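Okay, so here's just one chain, in structure tokens, the form predicted alone.
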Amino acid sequence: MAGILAAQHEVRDEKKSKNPAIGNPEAIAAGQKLFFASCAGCHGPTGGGGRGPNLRERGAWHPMDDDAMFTIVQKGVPGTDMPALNRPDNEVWQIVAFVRSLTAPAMEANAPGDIEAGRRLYWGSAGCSQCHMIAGKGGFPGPDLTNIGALRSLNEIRTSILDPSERGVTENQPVRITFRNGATLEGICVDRTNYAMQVIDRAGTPHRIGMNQVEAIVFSKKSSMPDDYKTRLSREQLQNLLAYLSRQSTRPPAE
């Protein structure tokens, strides 16, 4: 069985598209405009779904190789609401490149921007390092961003900066705990089971709390991340910050 799976993997790799649009920032930007004009009516302006499926969730479509996605965009899917797209091949590839960018790791997206300027922003005026750590430096209680470029797409990182509560809060959720003795604790829940939960308070101190100690738990649906970066950062500053964060990975991009 292992041999069969390995052979299938090799075949898929051989057939994987080498089209230059994939991962090309200019092609992705052009594909975004085409997507908005031709695809957003069903899939939403940012690929979040609507009448058509959510393309920002990896789900069933992400194992599909680039050529298969090109065929579906170009020819549609008979018997479904997915129509054929009457566009030149190069424009279809640009759309495929944009859709790929919605879930591809940010480190593979070649995000434009000044990385050094983004680094200064992160550790300086943007205030990111007050709540987030990179390689052991920084603050609490936000998520560690040491490997963010390998774990999240560029689109996900951008959304988390500009609209941190847009998709709800499922990780590092703000919480207020009331204990049976009347004491309270506010912080970020980083792990939870039926028996215990781990919370990091505002000072960065971790707490392991047995559920038998708890009287009430209130989770917030609003992220603790500031929501004013849309106005606090200029377009250029955002681009630079994204360029810096997209390069944060514990492994080289070629791996």
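Note that residue numbering follows the sequence shown and begins at 1. Keep in mind that this is a model prediction, so the values were computed, not measured.
The form predicted in complex with a small molecule exists for this protein as well; it is not shown, and the discussion that follows is about that form.
Residue contact with the small molecule in the predicted complex: residue 112 places no heavy atom within 4.5 Å of it.
Mapping the unseen interface onto this chain, residue 208 falls outside it, with no heavy atom inside 4.5 Å of the small molecule in the predicted complex.
Contact between residue 46 and the small molecule in the predicted complex is not found at the 4.5 Å heavy atom cutoff.
Shown alone here, residue 32 lies farther than 4.5 Å from the small molecule in the predicted complex, counting heavy atoms only. Site annotation in the predicted complex: the residue of 200, 27, 225, 197 reaching within 4.5 Å of the small molecule with a heavy atom is 225. Proximity of 83, 161 and 229 to the small molecule in the predicted complex is complete: all three residues have a non-hydrogen atom within 4.5 angstroms.
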